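There is one chain below, alone, in structure tokens, taken in the form predicted alone.
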């Protein structure tokens, strides 16, 4: 992560995952509130979405670990150098550990979707644990760094630990759309803030920030609030669009069902009339 791309890649992952959770949770909430009485079984679409999500988590985590370990200057799976009596690339190992727990989160999601023997809520517990480990590692990741560098990474802990707490609450408070959208919002905030860290520490225009200036710390703190506002607006807009599309699609499907019922009733009445005419 010691460059802009290293922050943009996980930032893109968290942004996309936040939007994915928003659409997924809105569709599930729509089904629970509008269609659950008409359809006893949950649509296979939701299971397929869980399979895609779990598989993508495992794949992305595996790729992340491989990249962290086997880049040109990576540790190549060596943790301790006996010749120099020193640890080998501990920052890469921390990132690999973070990816490992997100991979475990993907495994728990696939397991809970596939088997009914897995207790309910294990998938959310796995995601909460992954976020906690990420925040735990980042908390000890910024010691002995310049003021602005440490502060901008510390702000990242708020959406990370906040997401961990809200996801853990979902284990005990099921099907709460507020908690589900809060989790999605915090993932979007985390993703956009990864980009902000990259722009501050590795500016693309070449003009470096003064990492010891207190005014820069004040601006970055205010900028974090702007990111939070944008994350809330993006979740609200995405939720509105997803709800509108689900409503429109369900109405069209309902009209088709009504049309088929009318056609079948008309056909049955015509058959009855024909039978009566034949008897006469």
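The structure presented is a predicted model; accordingly, all values stated were derived computationally and were not measured. Positions refer to the first chain, counted from 1.
The form predicted together with a further copy of the same chain is left out here; the points below concern that form.
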### Query
Of the options 71, 165, 91, 111, which one has a non-hydrogen atom that comes within 4.5 Å of a further copy of the same chain in the predicted complex?
91
### Task
Please state whether all three residues 97, 182 and 243 have a non-hydrogen atom within 4.5 angstroms of a further copy of the same chain in the predicted complex.
yes
### Query
Going by a heavy atom distance of 4.5 Å, is residue 229 a contact of a further copy of the same chain in the predicted complex?
yes
### Query
Can any non-hydrogen atom of residue 101 be found within 4.5 angstroms of a further copy of the same chain in the predicted complex?
yes
#### Entry: Any non-hydrogen atom of residue 224 within 4.5 angstroms of a further copy of the same chain in the predicted complex
yes
### Query
According to a 4.5 angstroms non-hydrogen atom cut-off, is residue 121 in contact with a further copy of the same chain in the predicted complex?
yes
#### Entry: Contacts with a further copy of the same chain in the predicted complex, stretch 162 to 197 (heavy atom within 4.5 Å)
169, 171, 172, 173, 176, 177, 178, 179, 182
